[in-house]
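Taking the form predicted alone, here's one chain by itself in structure tokens.
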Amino acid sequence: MKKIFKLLNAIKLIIQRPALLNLILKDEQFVKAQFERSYPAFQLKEIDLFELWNVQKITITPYAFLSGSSLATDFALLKILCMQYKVEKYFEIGTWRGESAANVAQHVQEVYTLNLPDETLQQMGQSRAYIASHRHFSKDIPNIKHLFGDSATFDFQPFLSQFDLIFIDGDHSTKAVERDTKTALSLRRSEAAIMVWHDAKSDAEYPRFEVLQGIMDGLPKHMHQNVYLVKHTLCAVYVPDEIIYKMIHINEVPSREFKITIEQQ
């Protein structure tokens, strides 16, 4: 009976405050259950970029150690992929401070990065400091081209079928990730192109099913088997070839340790 009363009270609260329904729909357990219903056969496979490509040392620069950024290992992933797969042209959705673009630009010929225009950010009520932070690290790098617009309405026609790696780091809602994933498919130079999604994990271990749902919804079914979470990062990656992976394990005993040297530029 207690459960019935709780359910009735919950329904009453939702009727009184419909916005509460959004909290339920975004609850991670609810989203996980929804994902498992949609893709019951999908396996959460994980690759270890440091083991896979025997990376001993990599330098991340610039790196701001500020809110809203990626992990240093996320930038390491992008750099390693660019080097291992000999990426020439790179496209990303979501510029922010320009750290990812600036790190990748050291290894590729051309970088294109798309972000909302400053005017749109201003209309959204963002502060001057927040707006000024955009492109801070990438604006003066010659091989980086900044594009402006909303990925939901931007005209991608001039950029179709050109890129070897596409990094998706925009709106992380399921529908937006699905849309941006479909866009990324059209930007690929060939079927050998790589796609990377940021915030596919809520931290360096736990999957983020809201984003994973969007990835799976946006990709053709035959590509699902080549989607991997990346250990030590917040990312998921699509690579066209079969690579060594393990099933994801949460809170396992660390298999390696890292040494970090912080040097102010």
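These numbers were taken from a predicted model, which means no experiment stands behind them. When you see a residue number, it is the position in the sequence shown, counting from 1.
Below, we turn to the form predicted in complex with a small molecule, even though it does not appear here.
- At least one heavy atom of residue 150 is located within 4.5 Å of the small molecule in the predicted bound form.
- Although the partner is absent here, residue 75 lies within 4.5 Å of the small molecule in the predicted bound form, judged by heavy atoms.
- Mapping the unseen interface onto this chain, residue 144 falls outside it, with no heavy atom inside 4.5 Å of the small molecule in the predicted bound form.
- In the predicted bound form, the small molecule stays beyond 4.5 Å of every heavy atom belonging to residue 163.
- The contact with the small molecule in the predicted bound form, taken as any heavy atom within 4.5 Å, belongs to 179 out of 179, 107, 136, 189.
- Each of 70, 94 and 171 comes within 4.5 Å of the small molecule in the predicted bound form, counting any heavy atom.
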